[in-house]
Structure formats: C-alpha cells, structure tokens
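In the block that follows, a single chain appears as structure tokens, in the form predicted on its own.
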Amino acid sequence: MSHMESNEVPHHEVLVVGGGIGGLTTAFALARKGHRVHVLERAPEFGEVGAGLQLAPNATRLLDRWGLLEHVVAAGVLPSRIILKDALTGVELTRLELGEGFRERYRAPYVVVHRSDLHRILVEACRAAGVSLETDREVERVDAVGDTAFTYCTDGVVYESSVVLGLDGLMSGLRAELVGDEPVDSGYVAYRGVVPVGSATSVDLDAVVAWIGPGCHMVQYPLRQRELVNLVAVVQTASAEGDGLSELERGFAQCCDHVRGALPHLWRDRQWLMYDRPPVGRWADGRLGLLGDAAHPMLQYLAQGACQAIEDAHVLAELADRHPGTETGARRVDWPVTLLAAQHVRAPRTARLQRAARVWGETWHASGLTRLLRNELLMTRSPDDYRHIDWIYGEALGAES
C-alpha cells in the first residue's frame, strides 16, 4: 500500500490506530453500522505474531451476531472440555465441560483458533465491509481542534477524522496522551510453540489442558481442525531478558514427565514478557478514545484479552447509534459523548477482569501449603458449578444489547 503525498490531508470519519485483532474488530463493528473507517497499522504488513487464542462465549456470541463465527470455527477447534491438572503430579484437579449444556447456558461455543487465522478472517471481513487499511504508518500524536481530530505520523503525514480510536496495544503510544502510567512486569515470561499433531505425544485433541505448578504452568490445546498442537509455557523469570533453555529447564524441573517432555517443542528464539497495567477509569478525552489492550491490558490467565476487545468493539458500535451528533453527513455521531459512554459501560467490567487475572495467576503458581489447599478446593468442585465463570461468559451488562 503506497504512502500518500505529505501535502495531502485525508479525512475519515473514524481513524483506528492499530491493525491487530482489537483494531480490526472495532473497525468491522463500526463499518457494518455504516461508518467510514480507516485503519493505520505500524507494521509493513497486516499479520499476527503468536500462536493459539481462546475465544470464550462472551466473544463468540458477538462473532456469531456479526456473521463471522462460522469462519472462525472452520479455521479452529471446538474443544470438548477445559481441564486443570497439577503440574508436579499430573493429577487432574477439575474440568469444565464445553458441550451442549455449556453452549445452551451461554448461547455460544468455546473456540480455540490460531491468531493468524482469526486475524486473516478479520482483515477479509473489514475489506468486505468497506474498511480502508493502510500499513507502515506510525502515529506520533493526536490533536483535536473543534470537531476534527488531527493525527500526526512520524513521516509527516497528517490525517483528519471525526474520532481517533487507539487500539495500539499494551505498549500504546496514544495511552500516554491520557494516562501517565507504565506497563507492570508480572515477573513471568511465556514461551510458545506450535507443532504438527504427529510430533506431540499424549495430546488430548478434544481439550484445553493447563498444568499449574509452583512458579510455572503449561497450556496445551489443538488448532486448525486438530492438525496442530498449541503449547504455551509460562515460567517465573529473574531477569527481563530471560536465559532461554536453562530458564525453562529450571522452572519446570520438578514437573511431571508429560510437561517436561513438551519443552523441546517450544520456540527458543522468542519469548513474551508478561505485562499488564493497573485499571484506569480514563479512556477518552474529546475525540480520542482507547480500547482493547491500550485501555485495559490484562494478564493471560483468564484468556480474556481478545474477548474484551471484541466486547469493546460491540459496545462502541451500539453506543454510536444512541448518541447522534448535530452535524449532517458522515459526521452524524457525537463522538466525545459516545467515547465517554463506552468508558462508563466498559471500565468497571474490564477492571474487574484485570484484577481477577492477577489473582488467578497467583493461584495457578501457588506453592507449599497454599498449593495443597488450592488443589483440595479444585478437586472438590462440582462439575456443574458455574459460579466463578457466569460473570465472565454470561451476558455482561453493556456487552450485549
């Protein structure tokens, strides 16, 4: 996609900064409502780096409403259950059945999908909905004058729009214009891997399985119609850089044979440092708003990061219909009011999830007596006890309409 001449000032109704899953979902949700949306992505091309992604019913209900779920299911897997095991002994602690009863309760399935497949589906959906996509654009700052937001890129190009939506992730540059905080290091690092089914041993191809242990855990599940196996190993790290193989071996040394046997399948040339940020109540200022990880980055333990970005997109698109502006033509939304309304609806829920993810991580990584008590509680849990997930997977206030 070619650069525009520096003296041109293109105007768009909605400018989305960030072409990841959150940015594309937001662009699509708004475009299907008739809004003119342009997406700026910093990378030279659209794509996702990573491996598997879990989509719970609070997200798949919305994908179904948008006509995208069948494409996601075709590219992914519908697991039959989620299982928690003790990483040291390999003993099963508890499970959540994801079959017919689960789908009836939450009116949608639990799906696991490769990030790149979901991203491709969203790119195609955006293009079909009329979203314009542009790569190799790094945003420097946003200024608002009257009813226009001016977005300045590092190469001198300036965009005009009625609203700018920052979906530029955990390390968001636009967040700095609203919130003066920094990412918080959890002290853990993730290693990932994706291997053909034939290369992995003793894999349950119908389950998402997590082995939880002192200072570490491993998650394993199938991808791409059970042709691949996704692996994620998370370990406590003493340094920001980590030390590759020895770090993994040290962190999982006491684990059962199955967990240790999976370590050679992990990628060693890259790692994901696990950060979040504290919940904040300020996501919007005038014609600039934050969504997704830029607004509420959370640790991965509840598998809700992408799901919450999808909820954000739905809520914003619905609220835009409810707050018409006084202008005519494309600028028919009172965007400052809409952004504040979205913040009001979404911030309490995402803050609760951010905090819960931290607690869940501490619970997974417990040691000593705390680990034994955790195991006892999990092993005595009734299989049909939904108390701790209804608030996440159910129809949350503001996430449905």
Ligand SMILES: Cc1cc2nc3c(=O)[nH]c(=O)nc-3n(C[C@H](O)[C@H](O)[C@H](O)COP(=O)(O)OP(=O)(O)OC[C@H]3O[C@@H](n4cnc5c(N)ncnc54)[C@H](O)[C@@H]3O)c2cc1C
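We number the residues from 1 along the sequence you see. For clarity, every value in this text was computed on a predicted model and none was experimentally measured.
The same protein also exists as the form predicted in complex with the ligand; that form is not shown, yet it is the one meant from here on.
Legend entry - 4.5 Å heavy atom contact, E138 to the ligand in the predicted complex: Yes, contact at 4.5 Å.
Legend entry - Contact test in the predicted complex: L248 vs the ligand, heavy atoms, 4.5 Å: L248: no contact with the ligand in the predicted complex.
Inset, instruction - State yes or no: in the predicted complex, is some non-hydrogen atom of Q304 no more than 4.5 angstroms from a non-hydrogen atom of the ligand? - result: Contact with the ligand, yes.
Inset, instruction - Give a yes/no on whether Q54 approaches the ligand to within 4.5 Å in the predicted complex, heavy atoms considered. - result: Yes, Q54 lies within 4.5 Å of the ligand in the predicted complex.
Inset, instruction - Consider the chain as shown here, without its partner, and state which of V37, A29, A342, L40 has a heavy atom within 4.5 Å of the ligand in the predicted complex. - result: When the ligand is considered in the predicted complex, the option within 4.5 Å is L40.
Inset, instruction - Find the only residue in G169, P109, P79, G215 having a heavy atom within 4.5 Å of the ligand in the predicted complex. - result: It is G169 that has a heavy atom within 4.5 Å of the partner.
Inset, instruction - Go through 189 to 197, 122 to 130, 276 to 284, 258 to 266 and give me the stretch that gets within 4.5 Å of the ligand in the predicted complex, heavy atoms only. - result: Going through the listed ranges, the match is 189 to 197.
Inset, instruction - Give, in sequence order, every residue of 19 to 33 that has a heavy atom within 4.5 Å of the ligand in the predicted complex, or say none if there are no such residues. - result: Residues within 4.5 Å: G19, G20, I21, G22, G23.
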